[in-house]
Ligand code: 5RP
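Listed next as structure tokens is one chain, alone, in the form predicted alone.
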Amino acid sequence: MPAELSPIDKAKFLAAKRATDFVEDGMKLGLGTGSTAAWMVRCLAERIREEGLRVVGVPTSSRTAQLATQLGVPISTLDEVKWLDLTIDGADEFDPNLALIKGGGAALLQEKIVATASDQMIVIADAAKEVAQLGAFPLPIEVIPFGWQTTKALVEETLVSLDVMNRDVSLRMNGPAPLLTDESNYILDLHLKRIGNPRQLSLVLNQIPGVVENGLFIDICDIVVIGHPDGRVVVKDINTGSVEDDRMEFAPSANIFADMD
């Protein structure tokens, strides 16, 4: 077990642990991808071990599937489960309307499919992910490899007429080669700095041939759980308008770190 977590990991852990309080026995869960979602899988595994919680998870990436299997979280496929009670996932940015940018981990396509096939989506994040306006984090879009340079040019041309501050587009790399998603597609990162109208941008991008999906999640997230290194946890519910400000003890058990070196 690591002797000490960084402040950012403490915040992620607290958000993840608080979010698993929403999980009830018998639920079918979407399991997100990324560093914060990995904490959620660990906390979920702990509840399964210690409480006998019965759930089935649908992972949003091969990485999450591997972690869940390693920790003893039962998993299935969306085709088998068909519909989910709850998805818990991280986000790269979220705004006051709980619109999100996701895809920093290159799993945005499966993440969006799983989230929209759920009765509810909870986002877990540290406070740095909360922004007044989306766009500082590069917006990922998943594109098919065939003709990707033409798709990139079409995206750049389309951005000229949209309310964004910057229009730089880059191909995400994995060393010397393009990064491949779980669906063997490429990721283009749109360095926009500011997105004036996320809903319009999302709709327009998905009309471009070659674009499979974009990382804007609009009207999908219901609740965001924000962790702070000092133990504060803020829960914002977009449907009720409620904001809860709680404090939690940072006391992860050794089992939480079972998968870590």
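A residue's number is simply how far along the shown sequence it sits, counting from 1. Please read these numbers as outputs of a predicted model, since none were measured by experiment.
FYI, the form predicted together with the ligand isn't displayed, but the following is about it.
Triple contact flag 35, 111 and 129 to the ligand in the model of the complex, non-hydrogen atom at 4.5 angstroms:
Yes: each residue has a heavy atom within 4.5 Å of the partner.
With the partner left out of view, is residue 17 within 4.5 angstroms of the ligand in the model of the complex by any non-hydrogen atom?
No, residue 17 sits far enough from the ligand in the model of the complex that none of its heavy atoms falls within 4.5 Å.
Using heavy atoms and a 4.5 Å limit, would one call residue 188 a contact residue for the ligand in the model of the complex?
Heavy-atom contact with the ligand at 4.5 Å: absent for residue 188.
Would residue 105 count as a contact of the ligand in the model of the complex, using a 4.5 angstroms cut-off between non-hydrogen atoms?
Yes - in the model of the complex, heavy atoms of residue 105 and the ligand come within 4.5 Å of each other.
Hey, in the model of the complex, does residue 91 get a heavy atom within 4.5 angstroms of the ligand?
Although the ligand is absent here, residue 91 would touch it in the model of the complex, with heavy atoms inside 4.5 Å.
Where, among 189-197, 49-57, 205-213, 35-43, do residues come within 4.5 Å of the ligand in the model of the complex by heavy atom distance?
One stretch meets the cut-off, namely 35-43.
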